[in-house]
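Listed next as structure tokens is one chain, alone, in the form predicted alone.
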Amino acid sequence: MKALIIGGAGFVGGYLTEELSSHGFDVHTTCLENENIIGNCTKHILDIMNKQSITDIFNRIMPNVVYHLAAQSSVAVSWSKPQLTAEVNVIGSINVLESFRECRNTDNMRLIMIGSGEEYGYIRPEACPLSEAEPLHPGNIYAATKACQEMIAEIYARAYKLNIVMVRAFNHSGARQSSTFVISDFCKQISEIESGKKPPEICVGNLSAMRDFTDVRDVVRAYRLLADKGVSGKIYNIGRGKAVSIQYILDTALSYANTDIQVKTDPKRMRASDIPIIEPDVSRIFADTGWKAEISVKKTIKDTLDYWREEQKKCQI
């Protein structure tokens, strides 16, 4: 089986490459010229804004499954660069869909379109756990572009009878993740305190919000299973199915620290429109593939903290 990962240089791409390779896939990944790829794969340079380049790669590789991970995935950047976010996430995805439709191997290919739990946006707390049938109310530009990507993919699947599976992935974390995300942020701060790079004080935002956190290794396992067992045209939530508070994340991370640390609220880290709870219903993916999250949130936090500790050691050499 051949797999093509579009946008394989990101956090998830490295783990997906490792997951697919370990299960016998011949993995091909794409990245931009200045990016690096992790894992056992064949690397290809690709800018998804160039539609012909996508078509050429599809026809050259003839993959059995394509994972579309390439995106501008930062909510903060989506506010500061809305045009870039729309171009990459919407126009870039249309280029992928058009190339998929035109590929000589379309009848033997499956496309996994990776969306986000952010698409649900402003939700009623009583609506949780969120099923895939819940109406979408995106609350930021990134979320709006991912919802648009998904709607266009649905149209292509239906109109052209293409083998497309759509995903709404909720928060996923692990080692190597950018510190712009909460678990990695807390763990990086703790590692810097332990190594003496900063005072014993951790800066936090809203700790009462509740979110669903899944280990990235579980998430890429779900992606692999959807390539085999997912139903074309369906949308799948991917998450643990149980939200925990940011306070719990902080307390757990601090429990692994080897020094006393004070907690300081930073107004800059507070979001004006934080939704109290976001939790998915994951019964659909379990029913169709048997997948469920297996790695505990505590293990994810511990592994992420250990990763940042190793990074601090590298800086000291």
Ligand code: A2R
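Since the structure is predicted, the reported quantities are computational estimates derived from the model, not experimental observations. Position 1 is the first residue in the sequence shown; the rest follow in order.
Beyond the structure shown, there is the form predicted in complex with the named molecule, which is absent from this document and is the topic of what follows.
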item	value
Position in contact with the named molecule when the complex is considered in the model of the complex, options 49, 263, 62, 254, heavy atoms within 4.5 Å	49
Contacting member of 288, 35, 26, 56, with respect to the named molecule in the model of the complex [4.5 Å, heavy atom]	35
Contact test, all of 9, 71 and 114, partner the named molecule in the model of the complex, heavy atom 4.5 Å	yes
Residue contact check: residue 240 to the named molecule in the model of the complex, 4.5 Å heavy atom	no
The named molecule contact at residue 103 in the model of the complex, heavy atom, 4.5 Å	no
is_contact(residue 88, the named molecule) in the model of the complex, heavy atom dist at most 4.5 Å	yes
Interface membership of residue 142, the named molecule in the model of the complex, 4.5 Å heavy atom rule	yes
Options 39-47, 288-296, 246-254, 275-283; stretch whose heavy atom lies within 4.5 Å of the named molecule in the model of the complex	39-47
Residues of stretch 167-197 in contact with the named molecule in the model of the complex (4.5 Å, non-hydrogen atom)	172
